[in-house]
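One chain comes next, on its own, written as structure tokens: the form predicted alone.
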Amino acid sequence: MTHVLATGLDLLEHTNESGLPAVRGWNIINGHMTEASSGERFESRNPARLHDLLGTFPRSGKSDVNAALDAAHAALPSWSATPAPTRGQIIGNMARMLIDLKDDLVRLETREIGKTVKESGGEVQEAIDTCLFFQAEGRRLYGQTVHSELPNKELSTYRRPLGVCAIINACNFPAAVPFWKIIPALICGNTVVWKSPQDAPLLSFALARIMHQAGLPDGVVNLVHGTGSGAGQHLIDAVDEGRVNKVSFTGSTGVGKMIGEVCGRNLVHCSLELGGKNPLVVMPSADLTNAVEGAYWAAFGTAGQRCTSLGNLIVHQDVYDEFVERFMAKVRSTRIGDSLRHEGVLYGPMLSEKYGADFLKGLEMCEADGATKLWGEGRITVDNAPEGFLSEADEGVFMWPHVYADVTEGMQCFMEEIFGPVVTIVKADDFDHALHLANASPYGLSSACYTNDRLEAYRFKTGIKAGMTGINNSTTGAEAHLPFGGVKQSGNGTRESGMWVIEAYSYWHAVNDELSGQLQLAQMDVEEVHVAEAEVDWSSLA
């Protein structure tokens, strides 16, 4: 075992086929870099250039997860007793290190999951913003003092940590989302076992090392790599074993429901941030140029691989033809490729081969429903590439942008999330019909409405069933100091980010401090206050 603060030179495994360094990554358990007990490893490859191996990582099993849980439990008493402002100072150190290393982390993220450099930059900045926000919250974990109904008694409330938190995040936001979860957990005094996403283990490994270099004590954050069905499942199984006090999960609705069932039967609190079929409504009063830009980005930014990506594009019949014509002109001009080698691309590859295969299956749903395909030919190949494709098709997992029209509420592709670069277009008769369509899917994460009619904007934001809404903006998520999350099948009502997330990682502790030296019982020993009889004949005033 090597301590996590040791030099990184020991991590270089070899030079890969691209001439770039490949890393031998490790789990981080109790501050030490450890191998999986089985000795098994898996690879992380660049989805834009599959021959580019970033490194190999431990395929963790149950004994590895248990070791991480042991370390988290052992570290909990000391960490929870650390003054919250001191915990905040360590988080502030993380922010400064992220700022210093931002350029390297951005390029690493782009290389590992294929996001554009610009998008990776925004995401790493969000991790920085999260640290800066919660650094100050270390001095604002306020409780209350409450007046007692009895004399010589003090009542007060305190926030207390929940205990050991299991953190499982998806690979599409491998920098921002784990910081959304881990940083508020830490500021509240919890310890963490973090299961990294299988398709972003190297960035997770780098971020965990930064946390320790910022002054985090050993055992407070423990990182295990592996598969969802392996290490991830073992971590959820530990809830049944009474070893996990909180679960925070970002991923599919199906897996989220399973986790919710396990947590529910054990009365363990869970935060579930799940899928979306996010609607964007375009009304006749909208600035169509702005609406086209917003819908285009919402649909195809990150290759459509965001839980907040546009699903159903709902366009009022009065502007339908003009909007679709202008929207399709943008789609046909889309620049796609590896942004480490080409500037100005809108999106890069799918996150991995698996995500690519799942996306192609999703497209089969649109075809089976009988929707009208306006654009898109599946996977980009040497012989099947749009004009705006800039990379080598046989090197990576690249997809055409896809648009399906004549979609109706009764179609499966209207109801189900398809994770990738595709949008389904629906025609609305009027505002009420558009709002109905926006609420018709089982999801409720993000939403948007383009209109310059203030009453329509008001009716939309009060009538939509979603956790987040943009007015004349795309279906984006919240900023780092606003709550992020959904309703219906998009989550269980918990929120990430901002001061609201503190509720998810702490519980309220009420303290009754008796100073009188004797037993006083509320409601029973309170002296009755007598009401005086008024010497007024009220009937005479009638």
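Residues carry their position along the shown sequence, with the first being 1. Bear in mind that the values here come from a model prediction, so they are computed numbers and not experimental data.
This next part talks about the form predicted in complex with a small molecule, which is not shown.
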> Is the small molecule in the model of the complex near all of Thr250, Thr308 and Thr476, within 4.5 Å of a heavy atom of each?
Replying inline: yes
> Between the options Trp180, Trp194, Tyr443, Tyr347, which residue brings a heavy atom to within 4.5 Å of the small molecule in the model of the complex?
Replying inline: Trp180
> Considering the small molecule in the model of the complex, which of Phe173, Tyr404, Phe327, Phe398 comes within 4.5 Å of it through any heavy atom?
Replying inline: Phe173
> Quick one: is Phe57 in contact with the small molecule in the model of the complex, heavy atoms, 4.5 Å cut-off?
Replying inline: no
> Looking at 476-484, 66-74, 33-41, 513-521, which lies within 4.5 angstroms of the small molecule in the model of the complex, counting heavy atoms?
Replying inline: 476-484
